[in-house]
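There is one chain below, alone, in structure tokens, taken in the form predicted on its own.
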């Protein structure tokens, strides 16, 4: 579909100007000033156009737990949050340990035609903590492997998994949690496993992506390691950026203010590579029973914009890099930049819009959020995927 976005502030990781974007047959073909094409035209005066966001870490719960979320509701929530691509974790039922599950998820996503989805495969078969043979049968559609929600407890298993990942060109997304230590000290649990996996990735040469980094010590480990380990990346979540000293059940936990300050410093100076939501929706009953997680797709941009850009810690360009360009590079796709030949995935934003987060307005089935009632800035007005308006929160055309 062809679409022309006019009179907007155009921002990505390197650009910031007022002008127009032309999308032809689903791809960005031209951007600049005073463009005119005979096609659907959006007057985006006073709005900001950025590359749509990419989430490297989300849970849509399908197959198996669709009372919490499903691919349809998760996709709609993603669009409302400005996302057009999400990477789904493997803790479904059955566990995503086979290409049959990948086929199911991708076929369902194609049928809905709302967003693009990548399905992660588990590191160990059915999360058993030891079996790796299923990795030999993966095809090129799989880029990431992860036992997210569970740390790989065995040193030998993780070493062997990294060797396989290196051979097959896969990236390991590591959930850093020592199950013997976590009930004694959650900080020590994360830090020990982070150190171990950084060292194993250095030895094996495997690409390692550290999920939801939450401690100041882990940030420091990563900072030092990046001086000599080129295949290391990490993510931070909006809730670990914006919250501290809060008793809200999420894994890893909400930490202390000193940890938040370290994460923000890591974001400022390039230690943190991407912001990922760890969107983890739950039913009210499951949450009350202690299930950890936050429903995060619909609030991620406004929380990050409010707590990082409006505070002066980073530029809007850097936020675009964290939420779009860097995740796009990690996934090896033509998304995340406003550049000719890239997918025509654009989010339109009203940065001056002030509002309070209301969990009852969530499209996601999961209403579990510690941000309910919080005042934030930066509202998603529309999300465009490959030239098609998939979410319209108030634009006229």
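Residue numbers count along the first chain shown, from 1. Source: prediction; values computed, not measured.
Keep in mind that the form predicted together with a small molecule is missing from the display, and what follows is about it.
Proximity to the small molecule in the model of the complex, taken as heavy atoms within 4.5 Å, picks out 56-64 from the listed stretches 324-332, 56-64, 37-45, 356-364. Interface residue remark: residue 212 is counted as part of the site for the small molecule in the model of the complex, having a heavy atom within 4.5 Å. The small molecule in the model of the complex comes within 4.5 Å of a heavy atom belonging to residue 149.
At the 4.5 Å threshold, heavy atoms of residue 280 reach the small molecule in the model of the complex.
A residue is said to contact a partner when one of its heavy atoms sits within 4.5 Å of a partner heavy atom; residue 114 fails this definition for the small molecule in the model of the complex, lying far away. Think of it this way: in the model of the complex, the small molecule has a heavy atom of just one of 251, 307, 109, 189 within 4.5 Å, and the residue is 251.
Contact with the small molecule in the model of the complex, judged by any heavy atom within 4.5 Å, is made by just one of 171, 73, 204, 91: 91.
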